[in-house]
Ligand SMILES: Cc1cc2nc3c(=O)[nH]c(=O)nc-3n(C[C@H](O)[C@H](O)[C@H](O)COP(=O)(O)O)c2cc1C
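In the form predicted on its own, a lone chain appears below as structure tokens.
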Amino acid sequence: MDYDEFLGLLRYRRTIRRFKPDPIPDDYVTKILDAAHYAMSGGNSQPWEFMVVKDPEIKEKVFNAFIDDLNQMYYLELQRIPQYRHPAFNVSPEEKQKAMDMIGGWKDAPVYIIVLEDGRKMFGSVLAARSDSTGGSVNVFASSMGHLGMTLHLAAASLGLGSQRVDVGVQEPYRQVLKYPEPIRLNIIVPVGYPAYQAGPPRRLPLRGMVHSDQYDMSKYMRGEDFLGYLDKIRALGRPGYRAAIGEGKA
């Protein structure tokens, strides 16, 4: 693969929030997982496991656990002033179902890939890998799981499939459904399937504002109102994708 092909894949990958229920080939799922497990991890610790969920009853229970979690998140997000709320939660209480549909539209995906994490495996890495950022150490565990997630999504995109990263809050409802033991934790849910709508182009801020030469360019440092302006920009960039997921406009 040359650079242009690689960049094309990056640009093609979009977060898909609504899926067709059509089944996908089993070998596609195998290929996605095979690619994902080559993601880099601290000390080659590979602190992950996977569950492939296709059973409709189990999928429904997993989804319902997410919706219960999402309901709590919705009311927390309403405490922010409107322009700084998550794009999917910037709706009135009367339109709450819209928020649920924007965030939870992945219900019909034919496959849920459940990514599990096992922090004990990080003992195969250096001591700093078992630390967090509060003491100035890099959280290698979180970074490793992030590498895995991105590799998984790129693999799905390479097969013409859509995927979404679904983060979870509390563990216990999912633990009861999926039966994974302590200290294993659910890291993310990745619904995978054929997109039910046409995703728009990726939206990114200009690269030039993020690049420094030799030393930090203080003219690019955000202070006070600059940072609030930045939040305005990224909220505006993200809004169309969420609206497209419920059929309101184009992504």
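One-based numbering along the sequence shown. Quantities reported herein were computed from a predicted structural model and do not represent experimental measurements.
What comes next is about the form predicted in complex with this ligand, which is not displayed.
Listed residue (166, 111, 152, 114) with a non-hydrogen atom within 4.5 angstroms of this ligand in the predicted bound form: Going through each option in turn, the one that passes is 166.
In the predicted bound form, the residue from 161, 103, 140, 177 that sits within 4.5 Å of this ligand by heavy atoms: Contact with this ligand in the predicted bound form is made by 103 alone.
Heavy atom of residue 202 within 4.5 Å of this ligand in the predicted bound form: It does: once this ligand is placed as it appears in the predicted bound form, residue 202 has a heavy atom within 4.5 Å of it.
Residue contact check: residue 14 to this ligand in the predicted bound form, 4.5 Å heavy atom: Residue-level check for residue 14: yes, a contact with this ligand.
4.5 Å heavy atom contact, residue 19 to this ligand in the predicted bound form: The answer is no: residue 19 has no heavy atom within 4.5 Å of this ligand.
Interface stretch in the predicted bound form with this ligand - options 75-83, 166-174, 93-101, 117-125, non-hydrogen atom within 4.5 Å: Checking each option against the 4.5 Å cut-off leaves 166-174.
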